[in-house]
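Okay, here we've got a single chain as structure tokens, the form predicted alone, with questions on binding and movement later.
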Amino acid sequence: MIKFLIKGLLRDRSRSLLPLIVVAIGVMLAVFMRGYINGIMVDMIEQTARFNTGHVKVMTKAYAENIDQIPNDLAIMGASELQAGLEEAFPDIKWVSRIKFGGLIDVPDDNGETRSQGPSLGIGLDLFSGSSGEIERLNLSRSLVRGTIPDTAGEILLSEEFSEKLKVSPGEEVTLIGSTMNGSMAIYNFIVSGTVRFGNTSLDRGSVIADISDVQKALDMYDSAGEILGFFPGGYYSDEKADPVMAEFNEDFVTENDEFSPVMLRLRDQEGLGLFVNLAGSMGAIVTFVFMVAMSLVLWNAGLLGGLRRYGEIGIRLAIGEEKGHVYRSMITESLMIGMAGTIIGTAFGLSLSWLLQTYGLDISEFTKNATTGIMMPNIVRARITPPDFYIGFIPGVISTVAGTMLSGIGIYKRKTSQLFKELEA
């Protein structure tokens, strides 16, 4: 019977070709849109991870409790030894040390007197080693507006807006006035190597970036770091990866009554990001559900119209003695085969488009130059393929198509012999 139905579908394209195309296009759009939306939501989380939280972060317990104050007096001492231990214990994770600091940037005139000054928020990164990946991770090359990225000791990057406010250009000297790790005054001279755009209003108003070794000298933080960030391979955060790493580290390293004992936090444990991670997953599910409902209605209609169009054929089959139940079941079987074939084809095309967008991305910098040339704003839009993308298309592709056929086929049981002969005469 199945072989007979397949032959009928192949020979009568009006019964198979158009429904197959509709199903394939609907499933392709559903799968592609899910991958696209998932990529957008995940990228928003990853931007925060790269700049601020990491996928996991190691700090002292006291630092973690006062993290909003950036308490460098509670920073990790012996950071290089701890980082080496982390690299040995978790070799698949990329570990980098950072120091956040605040201070006053003073610009002297030719006589050494203050020409201009302003408050700043700074971050010390490993820019010189060449193995940390911090320049690529924060898109510093793309975000550079003037000058160059620091490559020698004593150089610093200023945000473009901050440099314009201070009226300072690359090559000029500035002085950082702040507080050392021990609470005394810190005064350290830097040469402005270049300016960058962060793409965030608050950061663009007064931010600086320097190599972590210079920051350690300026703030008397020898072999110390405020935070050690970990980034998972593949560039995506997940609780499944973070939970065992955090549990193992905290079990081995955390000392109950020592406030300087290192502690590890996941991305979702920082800055209220747990709610955002949940929202990102929910938003993707909500948008996907809405889109799939719309596509299901379209495919339902296609199945319904296909069944109604065949009422003449059904009448002839009933007139020659075929049972109503057999006709009904054969129509459902046909729609199931069409739905399966269309879903497989549509899923393949949808995954292919998602893979292309995930691998190569879509460069939107030409359309939004001011918004995407900053550290905090991505210029490449990417999709992300997840396991549900391989089977999510079966909901609109198969279930909706079969449901439409079942609904239209109900009319078979309402056909009467007298009505049948009138239709055949016409």
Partner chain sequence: MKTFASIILFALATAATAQPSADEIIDRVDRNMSSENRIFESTMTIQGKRGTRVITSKSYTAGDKKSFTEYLSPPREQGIKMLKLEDQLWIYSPSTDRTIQISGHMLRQSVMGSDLSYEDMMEDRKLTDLYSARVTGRETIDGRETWVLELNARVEDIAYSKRKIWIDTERYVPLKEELYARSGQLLKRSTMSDVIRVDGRWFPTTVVYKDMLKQGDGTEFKVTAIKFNQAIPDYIFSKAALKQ
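None of these values were measured; they are calculated from a predicted model. Positions refer to the first chain, counted from 1.
Just so you know, the form predicted in complex with its partner chain exists too; it's not on screen, but the next bit is about it.
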In the model of the complex, which of 256-264, 84-92, 149-157, 121-129 comes within 4.5 Å of its partner chain (heavy atoms)? 256-264
Answer yes if any heavy atom of Gln117 is within 4.5 Å of a heavy atom of its partner chain in the model of the complex; otherwise answer no. yes
So, Glu136 and its partner chain: in the model of the complex, are they within 4.5 Å at any heavy atom pair? no
Could you confirm whether Ala210 comes within 4.5 Å of its partner chain in the model of the complex, counting heavy atoms only? no
Going by a heavy atom distance of 4.5 Å, is Ala186 a contact of its partner chain in the model of the complex? yes
Lys217, Lys241, Lys324, Arg142: which sits within 4.5 Å of its partner chain in the model of the complex by any heavy atom? Lys217
Name the residue from Glu172, Asp73, Glu164, Asp269 that puts a heavy atom within 4.5 Å of its partner chain in the model of the complex. Asp73
Within 4.5 Å of its partner chain in the model of the complex, which residues of 92-127 have a heavy atom? Give them in sequence order, or say none. Leu104, Asp106, Val107, Pro108, Asn111, Gly112, Glu113, Thr114, Gln117
